[in-house]
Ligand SMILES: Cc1cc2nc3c(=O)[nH]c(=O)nc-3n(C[C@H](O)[C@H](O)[C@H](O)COP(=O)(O)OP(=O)(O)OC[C@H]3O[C@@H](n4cnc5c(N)ncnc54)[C@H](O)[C@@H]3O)c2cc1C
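Presented as structure tokens, the chain that follows is alone, the form predicted alone.
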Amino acid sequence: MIVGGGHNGLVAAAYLARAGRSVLVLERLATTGGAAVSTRPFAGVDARLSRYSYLVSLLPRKIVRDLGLDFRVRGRTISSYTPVERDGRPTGLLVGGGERRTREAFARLTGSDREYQAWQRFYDMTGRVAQRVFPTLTEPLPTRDELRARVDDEDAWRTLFEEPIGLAIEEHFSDDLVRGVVLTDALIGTFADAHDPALPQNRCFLYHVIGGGTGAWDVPVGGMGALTDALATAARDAGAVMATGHEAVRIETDGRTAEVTYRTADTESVVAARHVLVNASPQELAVLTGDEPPTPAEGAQLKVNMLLTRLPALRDTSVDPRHAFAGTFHIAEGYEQLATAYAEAAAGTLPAAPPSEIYCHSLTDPTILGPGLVEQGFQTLTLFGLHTPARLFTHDNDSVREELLKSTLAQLDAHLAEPISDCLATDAEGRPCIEARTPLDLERGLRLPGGNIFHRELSWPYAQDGTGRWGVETRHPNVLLCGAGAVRGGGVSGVPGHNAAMAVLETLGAAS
């Protein structure tokens, strides 16, 4: 029995069904996919957006091969563009498009090759760590000492696993803008300061630079829903049964067999299973089993989807908008700007200059747009805002959302030659094609606790007290956590689903 049909639940279902197990997936919503879905959010507009999650890095090719998924990704030719005004003129840093071009961009911004060389050294180091750590995600959890030996680089281990990432950034880089671009990977969905001694920023940074053994973030062809559609097909073809509109409300277990009570629109029933895999948050798991809930989680992001009739022109005329938006477009993400935004939010106020970053999926994969929109030059934009913890929205979510959206777009407009509002498409009702989601919106719509996209703070990818052999175990021997809140969870990876399935199959092998 798998409770929750998000992408991790579908991965587990496909592995277990292919191994000959009888598998039933209960999903409370009308469709499977969870946060990894594609939808048409704007009435009467043929644009299929990856509504919540939108890029792929942590999904191992092993899972794609094992399950025979009909799923592809495309690499982005540009890594990032970060606009800034210096000496009264608009400029910026374009990373990607070839080594020579990137080197010249660093020199143009900073006046020398120093920052570019530091950039190369720093990311050579993270690349070596990625090659050694990423393969361990689909293996039984290594101990801390085992993973340290596998990394086999004491400087890298200290930088990423022991000291606040802010120390390394300040040691390696001098330019404020370059420092900020590096730091952003430590803050995606994570509300932390660069020097937080508890190191949540380091764990976030680690998961953002190890994906695929390279750290590259790719665009899913056909949108994120193409992945979950492929996973659902693989699970069904192997014999798994999908029951949408079925909400699990209770799990009772003696450690050997379990009963799951579920509700539909018109009935309540009970089904028995040998194992139950929960593709939901640790909080939701505690509700289902009647256990003590974990520490409350809190998300810290603004999610905005837009459809444009055209890409906006930039104040920095040296950069083609198609290049600037092809990678990650950083806004108000200088190092000091990020520190200020964190301090303001920690003090209980919205950041005066909200930091965010934008991705244009349709530049890399125009198939998400109908042919007519492509011919007219329409493009999608996805904005992800940082340092906006859920606590800021509890008093008046709607009003604060509107205030934050307005100030976030104003930060973007500061680097454009025309306001983004002039480029917005309209839907069939004449409304601008833009939607925003706060952490509280994500909690209400997807049951992400506190709107946390990782379900709780990310964990180190090694064994600690109580983590179990695969990082999916609970205090109930036959109830496993296969969602993002598992050890080595978070992101669109399928890793917790794979590991929960392996834990079940290992148990069954030992029993036989």
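Here the structure is a predicted model, which is why all the values come from computation and not from measurement. A residue's number is simply how far along the shown sequence it sits, counting from 1.
Separately, the form predicted together with the named molecule exists; it is not shown, and the next lines address it.
Legend entry - Close approach of F325 to the named molecule in the predicted complex, 4.5 Å, heavy atom: Although the named molecule is absent here, F325 would stay clear of it in the predicted complex, with no heavy atoms inside 4.5 Å.
Legend entry - in the predicted complex, A463 touching the named molecule (heavy atom, 4.5 Å): No, A463 sits far enough from the named molecule in the predicted complex that none of its heavy atoms falls within 4.5 Å.
Inset, instruction - Indicate whether the named molecule has at least one heavy atom within 4.5 Å of a heavy atom of E403 in the predicted complex. - result: No, no contact at 4.5 Å.
Legend entry - in the predicted complex, E284 touching the named molecule (heavy atom, 4.5 Å): Because a heavy atom of E284 falls inside 4.5 Å of the named molecule in the predicted complex, the answer is yes.
Legend entry - Contact residue in the predicted complex, from V479, A47, L26, L69 (heavy atom within 4.5 Å of the named molecule): Exactly one listed residue reaches within 4.5 Å, namely L26.
Inset, instruction - Within 4.5 Å of the named molecule in the predicted complex, counting heavy atoms only, one of 427-435, 246-254, 336-344, 155-163 shows up; tell me which. - result: After filtering at 4.5 Å, what remains is 246-254.
Inset, instruction - Give, in sequence order, every residue of 454-474 that has a heavy atom within 4.5 Å of the named molecule in the predicted complex, or say none if there are no such residues. - result: Going through 454-474 in order - heavy atoms within 4.5 Å of the named molecule in the predicted complex - the hits are F454, H455.
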